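There is one chain below, alone, in structure tokens, taken in the form predicted alone.
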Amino acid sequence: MFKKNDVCILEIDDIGTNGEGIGKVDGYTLFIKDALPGDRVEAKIMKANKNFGYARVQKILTSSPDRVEPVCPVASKCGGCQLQHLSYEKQLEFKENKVKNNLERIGKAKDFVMHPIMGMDNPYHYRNKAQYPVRMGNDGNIHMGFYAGRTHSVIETEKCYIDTEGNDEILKLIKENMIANNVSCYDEEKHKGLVRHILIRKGFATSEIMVCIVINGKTYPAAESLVTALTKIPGMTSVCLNVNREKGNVILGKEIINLYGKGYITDTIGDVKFQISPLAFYQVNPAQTVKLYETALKYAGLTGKETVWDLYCGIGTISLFLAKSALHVKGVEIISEAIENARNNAKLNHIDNAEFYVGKAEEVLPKYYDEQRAAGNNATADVIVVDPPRKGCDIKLRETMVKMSPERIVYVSCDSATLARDVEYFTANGYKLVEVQTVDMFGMGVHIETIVALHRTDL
């Protein structure tokens, strides 16, 4: 029986869903961070269960042919990237296989078309949004960066290679302002201190920048000097505070205090322009988002006669793409500020055939269906597009979607396991999985965006 701190030498022959290498010693399975298939490693067991354990690489004895040198000096410590040590070609292969395996194993799907993954032209500096925790380090200095994997210890990151270039300059100015004005960092354990996170957004098409300081309070004592410093940066369009006085690990609170600008930035996806506020969901990789939404539009198969529901619509990004080719689009989103953005974005793009509802999709859609049926009205939909959070679709929502009997369901997912679970439900209730397209939105990380087309089988 293996135990914690045992050191083993083993071959790595597989890769787990979180990017960890998998190997066996005398039939005992180890999941090893930073190991790759093809590696021969010396590893130290960090946690030992009865049938499997978790380990860390002590020494690479033989390197995998797919191993590359990470460009980031803190890649192995930081929790932001899990795959910088794996060649990008193999990252794409890993992600594509993960989706296919989940659809076949969990979703029990078969006879579907799996299109080749859409990779990035450049898998670095692609993110238009970053959230940096701010903490006081053991060295007595302010640390801004990212959490180490599976911890809330902040790894100081002077430059992140997947975030947009220039964020390091912004962080430097904020840190200098905090030091000069004796502004405190947040302490999670004591729930004291002021600055919790720094949120930075950038419009890649417009070069507009937003900085949002998340605070455990109502005011920032050096707000005027902070705004003066930040607005010297070209493109600085919005500076604001976000009030989060709650305990726990939720990053953003609900209250926004505007310090400079209109409280939003603008950006474009394809030929559609969007206003983006601090709380709004907006895809982090604009170049790949165009590919994703073009695929959604293709899978929707719109002719101009369809009524479309877009569930979890955010600021209306997919909705407005669809509205140009549909008769009518109805979007649903729980965040009221995002719906306000969506309505403004419709006006901004002169789109008048899209309407938006505030609320949980699993409550709004069933309520709409029941009310329409009670009134003797048709409560069907031609196409339903759904882009849920990682937990996937609520059972009540899935049931209502099936009752509404759309000809096509277009499902956009950031978690292929819950996607597969939901696909199994839909295929057991009158739908067939027809096409699958993976789009790499998160280079150097383990996550993958997937879009699938489900068609009603009685057509």
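If you're wondering where the values come from, they're calculated on a predicted model, not measured in any experiment. Quick note: we count residues from 1 along the sequence shown, nothing fancier.
Here the subject shifts to the form predicted together with S-adenosyl-L-homocysteine, a form of this protein not shown in this document.
Choose from 309-317, 209-217, 246-254, 139-147 the stretch whose residues reach within 4.5 Å of S-adenosyl-L-homocysteine in the model of the complex, heavy atoms counted. Among the listed stretches, the partner-contacting one is 309-317.
Considering non-hydrogen atoms and a 4.5 Å limit, does S-adenosyl-L-homocysteine approach E337 in the model of the complex? No, E337 sits far enough from S-adenosyl-L-homocysteine in the model of the complex that none of its heavy atoms falls within 4.5 Å.
Looking in the model of the complex, any heavy atom of K90 within 4.5 Å of S-adenosyl-L-homocysteine? The answer is no: K90 has no heavy atom within 4.5 Å of S-adenosyl-L-homocysteine.
Wondering, does E96 line up within 4.5 Å of S-adenosyl-L-homocysteine in the model of the complex on heavy atoms? No, no contact at 4.5 Å.
is_contact(F204, S-adenosyl-L-homocysteine) in the model of the complex, heavy atom dist at most 4.5 Å: Looking in the model of the complex, residue contacts with S-adenosyl-L-homocysteine do not include F204, since no heavy atom lies within 4.5 Å.
I need to confirm a contact call. Of Q288, Q275, Q283, S76, which residue comes within 4.5 Å of S-adenosyl-L-homocysteine in the model of the complex, counting heavy atoms only? Answer to the contact question: Q283.
Would you mind picking the one in Y369, Y293, F356, F112 that has a heavy atom within 4.5 Å of S-adenosyl-L-homocysteine in the model of the complex? Selected residue: Y293.
What residues in 353-381 sit within 4.5 Å of S-adenosyl-L-homocysteine in the model of the complex, counting heavy atoms only? Those in contact are G359, K360, A361, E362.
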